[in-house]
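Before any questions on binding or motion, here is one chain by itself as structure tokens, the form predicted on its own.
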């Protein structure tokens, strides 16, 4: 008798599978330790409280897949909240404010992408400059916190959608999930998405194949800028205010979620779904610490740091294994 061959899981799926296993184990540990943790509403709250981070992680996934990085996303989120609050206070209609916010984020992303492609500036430096620019513009608009009283924004922020099992979600969750679906379609079913993976795998080989590598590199930063602005709108729905110091360090959370979600920092390997699961892992850790009550919120950073180091080590092992085959 011959033994049945067990199908081998491709190595590119291993980080995503590992992330999902970590999420299940983390959520399971919380369910065992805390009464009421294993409920549909807790899962829904993970999406409600992190909808803006999901959108940021989607944009960051595009960038990191090409081997780049975007340090400006947190500052662009803050700038988006400031533009939204200031324009609404000035009497702008909500639809015009939304267009202004999304346009500003896209233009900032375009500028950083052109710096990286045309001027050969390292992504770290170009996006660091973008971070300082966006954060500085926040203080130009106002040094004080600006409340948002527009009825459209407040309606989006407060209205909920009923799901079976007495579970409720917000419109921000639907927007975030729509962004994930569109991003997955673009990355896996369009020429641009395939080019993103090709550039991340080897830019020189992609150029020899005749791919528009420059257009792709600029495009991913436009996408990241757009997602940052959209994430800022969701954050303004969540906070109902604009403030210059909103989202300080949020870019690091987005990078951590993408890396924990299985996207290689060297580029070429990764999935949007993995980044979403990475956000859920971070959100679950925060939820467990809040349920515990006696732990400082800084334990969240400690746990995320440990997870980040573990997943980077896993990535290195996978890369070395592929080279040895």
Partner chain sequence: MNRRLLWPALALVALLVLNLVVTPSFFELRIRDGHLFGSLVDVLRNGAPTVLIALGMTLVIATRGIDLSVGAVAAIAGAVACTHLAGGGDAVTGMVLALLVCAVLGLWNGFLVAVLGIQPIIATLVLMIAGRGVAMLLTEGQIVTVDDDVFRQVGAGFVVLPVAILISLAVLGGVALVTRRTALGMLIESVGVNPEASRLAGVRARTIIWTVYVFAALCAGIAGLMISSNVNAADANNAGLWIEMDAILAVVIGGTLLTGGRYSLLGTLLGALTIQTLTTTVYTIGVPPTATLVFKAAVVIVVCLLQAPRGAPVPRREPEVVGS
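Residue numbers count along the first chain shown, from 1. This one's a predicted model, so the numbers in the text were calculated from it and none came from an experiment.
Keep in mind the form predicted together with its partner chain is missing from the figure; the text below concerns it.
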At 4.5 Å between heavy atoms, is residue 89 in contact with its partner chain in the predicted bound form?
no
Tell me, yes or no, whether residue 266 is in contact with its partner chain in the predicted bound form, where a contact means a heavy atom of each within 4.5 Å.
yes
Could you confirm whether residue 256 comes within 4.5 Å of its partner chain in the predicted bound form, counting heavy atoms only?
yes
Can residue 199 be called a contact residue for its partner chain in the predicted bound form at 4.5 Å between heavy atoms?
yes
Kindly confirm or deny that 49, 149 and 289 each have some heavy atom within 4.5 angstroms of its partner chain in the predicted bound form.
no
Students should find that, of 177, 114, 129, 169, the residue having a non-hydrogen atom no more than 4.5 angstroms from its partner chain in the predicted bound form is 129
Considering non-hydrogen atoms and a 4.5 Å limit, which listed residue (99, 140, 163, 155) is close to its partner chain in the predicted bound form?
140
Looking at heavy atoms inside 4.5 Å, which stretch does its partner chain contact in the predicted bound form, given the options 155 to 163, 119 to 127, 169 to 177, 221 to 229?
119 to 127
Under the 4.5 Å heavy atom criterion, name the residues of 296 to 312 that approach its partner chain in the predicted bound form, in sequence order.
298, 299, 301, 302, 304, 305, 308, 309, 312
